[in-house]
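One chain comes next, on its own, written as structure tokens: the form predicted on its own.
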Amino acid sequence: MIAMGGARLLVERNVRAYRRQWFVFASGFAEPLLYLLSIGIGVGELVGRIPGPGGELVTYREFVAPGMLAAAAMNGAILDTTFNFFVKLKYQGVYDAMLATPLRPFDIAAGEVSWSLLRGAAYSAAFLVAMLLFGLVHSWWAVLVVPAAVLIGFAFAGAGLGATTYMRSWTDFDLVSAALVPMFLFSGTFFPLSRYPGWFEWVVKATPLYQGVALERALVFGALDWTTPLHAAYLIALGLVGVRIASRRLATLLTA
């Protein structure tokens, strides 16, 4: 996606805009690491060992770390394609100016998604380094952890971009928080699915973050099975649908 001309130009624009504001990215690196230290290590001493993706008993911090990596990819992608995108769309008029050039609405959607993927991938790569330093990686399949994080970012970036085109005011963003916070807490990030009631387990499995958590956990532990490509396919499909909706909505909003 980044290789496409119009999208590449928008990514370059964002790089230039943020080059003197690098500090705004600091929280995306620090937040998941602090969660790992406080919950994975601190609470982990109280929890003990729990079943991992392959059925073996693992320490709590080993279980939580892949989930936090998936959450880092989600947060890095969703921030740029919701709040930041809304400001540029509704208040700054950035995209109106872009359409005065040969750029199309699809270029804008693809470019913003590509930019958010770079941000999410950077957060995930930094978190993977921290996992390696803490000795929380147990398989060579972990070399695919960052590409998997890109898929997670793609899913949430597409969904976030598409949803934001329907936002009318800042009040609507309460819905974003209402969706993200429960997903973060109950998508298998902190507890295995066996801890949930049977009906709620199926609800959790339907969420995109669970798909990302399950994919990352399988790669970190090397516990791949027939469901692993299904997790990846789910994330790709969600991202494609979101980008398609966003490009159509932008064409309507910016050319009306």
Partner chain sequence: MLESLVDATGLTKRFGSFTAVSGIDFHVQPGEAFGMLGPNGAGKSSTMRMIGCVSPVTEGHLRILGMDPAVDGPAIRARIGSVPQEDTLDTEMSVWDNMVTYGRYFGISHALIRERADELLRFFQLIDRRDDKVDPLSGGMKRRLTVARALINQPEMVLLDEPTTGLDPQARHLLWERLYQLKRSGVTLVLTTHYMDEAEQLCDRLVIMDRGRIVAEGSPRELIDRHATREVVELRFASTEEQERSVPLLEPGSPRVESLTDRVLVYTSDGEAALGLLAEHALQPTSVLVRRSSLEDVFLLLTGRQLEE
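Note that the structure is predicted; figures quoted are calculated from it, not measured. Residue numbers count along the first chain shown, from 1.
Same protein, other form: the form predicted in complex with the partner chain, not shown, and the subject of what follows.
Undergrad: Quick check for you: of 156 to 164, 124 to 132, 138 to 146, 103 to 111, which stretch puts a non-hydrogen atom within 4.5 Å of the partner chain in the predicted complex?
TA: Careful reading of the contacts points to 103 to 111.
Undergrad: So in the predicted complex, does any heavy atom of Arg249 sit within 4.5 Å of the partner chain?
TA: No, no contact at 4.5 Å.
Undergrad: Does Arg244 reach the partner chain in the predicted complex, with heavy atoms at most 4.5 Å apart?
TA: Arg244: no contact with the partner chain in the predicted complex.
Undergrad: Is there a heavy atom of Ala233 lying 4.5 Å or less from a heavy atom of the partner chain in the predicted complex?
TA: Residue-level check for Ala233: no, no contact with the partner chain.
Undergrad: Consider Leu99 of the chain shown here, and say whether it contacts the partner chain in the predicted complex, taking contact as heavy atoms within 4.5 Å.
TA: Yes, contact at 4.5 Å.
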